[in-house]
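The data below hold one chain only, encoded as structure tokens and taken in the form predicted on its own.
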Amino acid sequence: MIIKTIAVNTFKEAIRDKVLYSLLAFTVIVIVLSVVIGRLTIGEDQRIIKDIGLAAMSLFGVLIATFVGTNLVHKEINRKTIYTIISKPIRRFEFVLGKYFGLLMTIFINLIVMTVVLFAVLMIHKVLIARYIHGFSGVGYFPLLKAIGLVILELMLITSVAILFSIISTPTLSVFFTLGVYAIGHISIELKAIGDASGSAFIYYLCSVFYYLLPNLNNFNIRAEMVRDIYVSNSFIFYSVVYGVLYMSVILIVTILSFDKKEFV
């Protein structure tokens, strides 16, 4: 019950953030403008729209999680409300989970808006443009929903990372750290390959540490397969879900332990 109350309050506070609306508006604009880009590739309109739409949802979802999430605890400290909260019969893990789920609610609402806009753009393009010019091509909508589901899972993981850094670091550094995890997470396989081919023991072990310690976010990216109409097995989806849930669970446990030991003076 306490977690729910904190989550709702966090959600109400987050939706008043101007950064949130700016990012959401920019995402919607990018999705709509993808139609123009799609027109430049005859016969591939819908594929391009889906590719750009999914990329925009992932990128701007991460930016929302980063810029909003890394300020959650810092705002409480600046406004001195953290002292009131921890003085009440609220266990610290309830505070952390409440903040986490509240931010997830914010991200989910934004993703719903982005998804509706993407599907609307696809339907309008299909009915009003592609049918009368050269027909339309591209994969169906069910693979698109699978891709969006994995985007949601990726954002849940990144949100947990943002909450962790918001507790153990300053807001500015937290932004850089969170975006760094996101960037490296998408090139982790290439990073390991660099370490293997470097010939240097130091570089090899350094790349290996990053590879095994940081999340492999490629597990949640099936955009290329979806756009090219390549089948993604249910076993891969299941593995990605299990991997994501386990990783974010570990991050949340570390976050709770870090917050439990944090001194507010």
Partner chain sequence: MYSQKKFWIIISMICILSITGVIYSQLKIDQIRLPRKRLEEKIIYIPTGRFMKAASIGFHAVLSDLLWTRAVLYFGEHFTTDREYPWLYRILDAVTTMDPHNILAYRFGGNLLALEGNRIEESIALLKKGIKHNPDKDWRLYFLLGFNYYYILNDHLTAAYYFEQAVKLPGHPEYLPKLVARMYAKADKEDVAIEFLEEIYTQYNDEQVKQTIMDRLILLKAKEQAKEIQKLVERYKQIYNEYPENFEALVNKGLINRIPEYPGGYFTLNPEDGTVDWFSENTPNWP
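The term rigid core refers to the maximal set of C-alpha atoms that superpose within 1.5 Å between the two forms. Please read these numbers as outputs of a predicted model, since none were measured by experiment. Positions refer to the first chain, counted from 1.
Another form exists, predicted in complex with its partner chain; not displayed. Remarks below refer to it.
Does any heavy atom of Y211 come within 4.5 Å of a heavy atom of its partner chain in the model of the complex? Judged by the heavy-atom cut-off of 4.5 Å, Y211 is in contact with its partner chain in the model of the complex.
Contact of I15 with its partner chain in the model of the complex (heavy atom, 4.5 Å): Because no heavy atom of I15 falls inside 4.5 Å of its partner chain in the model of the complex, the answer is no.
Contact with its partner chain in the model of the complex for A193, defined as at least one heavy atom pair within 4.5 Å: yes or no? Yes, A193 is a contact residue.
Close approach of V28 to its partner chain in the model of the complex, 4.5 Å, heavy atom: It does not: once its partner chain is placed as it appears in the model of the complex, V28 has no heavy atom within 4.5 Å of it.
Of 103 to 111, 162 to 170, 184 to 192, 68 to 76, which is the one stretch near its partner chain in the model of the complex, taking non-hydrogen atoms within 4.5 angstroms as near? So the stretch in question is 184 to 192.
Contact check for A197, L246 and I253 against its partner chain in the model of the complex, heavy atom at 4.5 Å: All three within 4.5 Å in the model of the complex.
Once the core is aligned, does Y231 move its Cα by at least 2 Å between this form and the one not shown? For Y231, whose C-alpha is compared between this form and the one not shown after core superposition, the shift is less than 2 Å.
My question is whether Y211 is one of the residues whose C-alpha shifts by 2 Å or more between this form and the one not shown, given a fit on the rigid core. Passes the 2 Å threshold, so yes.
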